[in-house]
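Only one chain is shown below, in structure tokens, and it's the form predicted alone.
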Amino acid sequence: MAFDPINDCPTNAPTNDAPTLNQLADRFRRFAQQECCDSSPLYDQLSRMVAQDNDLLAIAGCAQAGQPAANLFFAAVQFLLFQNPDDSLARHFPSLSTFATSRDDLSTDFRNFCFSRKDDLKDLLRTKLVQTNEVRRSACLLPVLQMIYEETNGQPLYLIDIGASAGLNLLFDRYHFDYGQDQTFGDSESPVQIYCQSRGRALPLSATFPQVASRVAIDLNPLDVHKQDDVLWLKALIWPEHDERRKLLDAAVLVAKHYPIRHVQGDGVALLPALLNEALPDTRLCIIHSFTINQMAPQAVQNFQNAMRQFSKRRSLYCVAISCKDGASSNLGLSCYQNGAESKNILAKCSDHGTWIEWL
């Protein structure tokens, strides 16, 4: 699986070739210029620094093939820093210090931290994946899931999330949503309070939430909210300045500890037919994924679509997807599979992190 470092948006071009130091340097520079400049001043500064340091690039080069090196490298650093909050580097990170600022000695502190924990960093880079569980994307999924629920006369949803990470978006019906303009939905007492700006047309939402019969999360490496290291890794994937995203993650983890999700480890395409066969006949089959299909090789995408077409000869199903569009927005799409055929519509544009949605 390969990721385009631009906009943290994966591509359909997996590769097993290890990047050269020059290629890595280019990736860190692009990461700074096109992702961090307006979102993370700290990672912007660090990315430019790493791009000029072959020793740090050599460590970053230990990332698994296809992983976005800059995202993974900084997540690994922050993960270790969470475990060592007394290190001098912590004072530069807003996620660890209220008074964090970019100081002249950032470079020294960062290099010292990385080289003193070089072996730990390399181990994390070789074993971990970038699998951010962006809870706010639930606000984009909700209108489509509710539309499916109402169009099928209120049949409970059998949900399968492919590339689910910790599966937190499967618990959308336990959250509260505020789309602005007096459009609020869900459990007002939920610890998860999500604001997502609604643009353009009114969203097709009603006060009745979809009923969920089953929640299945598939991932190559499922993350368990009951495991401290897994939760810490989810936090490490959030950029240091993004305090609101961390708070949402903490709240969603709290909810997930009380409402279990079925986690299945493995390849979603290979596992899909068997999981669909398990669904009770009085449920509506619905597959969801966000920024997952972009990570698949072209043949895997074809196999995924063929599996849904083939299954739909026996029973219809839906697939809801958030996927890369451009640097400014993503697409929210709905595919309906019935009698071996697919019909697909783009229903909305949305931000990658779910901060706004524009219904089309």
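Note that the coordinates shown come from a computational prediction; the quantities given were computed from them, not determined experimentally. Numbers follow the displayed sequence, beginning with 1.
Not pictured, yet referred to below: the form predicted in complex with a small molecule.
*Asks:* Report the stretch among 31 to 39, 307 to 315, 294 to 302, 45 to 53 that approaches the small molecule in the predicted complex to within 4.5 Å, counting heavy atoms only.
*Replies:* In the other structure, the partner sits against 294 to 302.
*Asks:* Which pick from 273, 204, 154, 266 sits with a heavy atom within 4.5 Å of the small molecule in the predicted complex?
*Replies:* Of the listed residues, the single hit is 266.
*Asks:* Tell me, which of 164, 140, 76, 159 has a heavy atom within 4.5 angstroms of the small molecule in the predicted complex?
*Replies:* So the residue touching the small molecule in the predicted complex, by this definition, is 164.
*Asks:* So in the predicted complex, does residue 173 come within 4.5 Å of the small molecule, heavy atom to heavy atom?
*Replies:* Contact with the small molecule, no.
*Asks:* Taking heavy atoms only, is residue 190 within 4.5 angstroms of the small molecule in the predicted complex?
*Replies:* The answer is no: residue 190 has no heavy atom within 4.5 Å of the small molecule.
*Asks:* Find out whether any non-hydrogen atom of residue 214 is located within 4.5 angstroms of the small molecule in the predicted complex, and reply yes or no.
*Replies:* Flag for residue 214 set to no.
*Asks:* Contact between residue 121 and the small molecule in the predicted complex at 4.5 Å, heavy atoms?
*Replies:* Although the small molecule is absent here, residue 121 would stay clear of it in the predicted complex, with no heavy atoms inside 4.5 Å.
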